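Below sits a lone chain in structure tokens, taken as the form predicted alone.
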Amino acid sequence: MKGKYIVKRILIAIPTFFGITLLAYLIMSMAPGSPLDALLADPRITAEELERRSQELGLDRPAIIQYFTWLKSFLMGDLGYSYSSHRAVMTMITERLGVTALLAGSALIVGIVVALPLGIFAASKPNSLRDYISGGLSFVMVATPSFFMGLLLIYIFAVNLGWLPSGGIFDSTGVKTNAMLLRHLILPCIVLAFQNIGSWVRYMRSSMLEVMQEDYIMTARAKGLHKWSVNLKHGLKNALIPVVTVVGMSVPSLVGGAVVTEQVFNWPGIGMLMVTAINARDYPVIMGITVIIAIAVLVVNLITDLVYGLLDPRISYR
């Protein structure tokens, strides 16, 4: 039954994926500017040369025709070549995908490890000092912009204390080690996880409070079981179901947040490549990154649905 459900979700995801790429291409083509803007900066360029380049790149055609031309190449496994660097888009993305996946994955793990215990701790004694402190910190974390938090941490830990590097993934010495990569990862990982921690703490607290009012929790407490045993053994599994939804839906925000975080910390990942491509109106690179992000989000949504069944066996897949 689960196999049929996965196939069904994949079939639903296919038109969703193509809808995302179509919308992204049309929005991109309507944005001010053109991939030919870089050529216009050259005073020696002629109108004939501009026209030739426009025809060569297919920019003289309507946007919808350009999209279907790109789609045909994509279905043949070709993401095209960058307008600015003339390199294969797949190669450019592959070079940077690993460091972005490392950053986003680390932020996701840190967020879960920190937020869930804090949410459970706050819910264990509602309307207490710990609950108020947790709620206040969550509000501050959600309201703090990523770029501000990044600059603040750089100022404290890199400039004043000198404990951690301010950017990049390795030192300028040319030596590359895992320990060095880990030191460079700490600050951007904290910044990327910061807002999600604040949001997830509140969801975890709310979910735990709701579950703790259920009859089976009351019965377990009436039997004399320890409060933490009841909360963790009986309540946590059911309380995680809505939290899993929130965490799964946070993947796009992690990717979006990585764009800002990578800029602040000079982290050479997909986010920096996306900003560079947007500034240059490099359509093939923008679409290539859109494809990767869309696939990642759709896969994570499918995994999230499957996790429900692990947490609650009563959930059936149809």
Partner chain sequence: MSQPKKEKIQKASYAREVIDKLKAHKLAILGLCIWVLEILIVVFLPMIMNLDPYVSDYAAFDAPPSDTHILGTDSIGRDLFARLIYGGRTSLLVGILSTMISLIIGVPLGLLAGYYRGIVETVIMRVADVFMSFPSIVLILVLVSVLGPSIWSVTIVIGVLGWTSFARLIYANVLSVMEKEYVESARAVGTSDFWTIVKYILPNALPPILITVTFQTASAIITESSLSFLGMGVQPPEASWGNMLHDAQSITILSRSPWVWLPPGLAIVVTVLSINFFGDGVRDALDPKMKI
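No experiment lies behind these values; they were computed from the predicted model shown. Positions refer to the first chain, counted from 1.
There is another form of this protein, the form predicted in complex with the partner chain, and it is not shown here; the text below is about that form.
With the partner omitted from this view, the residue of 79, 154, 120, 190 that lies near the partner chain in the model of the complex is 154 [heavy atom within 4.5 Å]. For the residues 159, 186, 241, 133, the 4.5 Å heavy atom test against the partner chain in the model of the complex is passed only by 159. At the 4.5 Å threshold, heavy atoms of residue 142 reach the partner chain in the model of the complex. When contacts are judged by a 4.5 Å heavy atom cut-off, residue 290 counts as touching the partner chain in the model of the complex. Heavy atoms of residue 263 reach within 4.5 Å of the partner chain in the model of the complex, making it an interface residue. For residue 278, a non-hydrogen atom is located within 4.5 Å of the partner chain in the model of the complex, even though that partner is not displayed.
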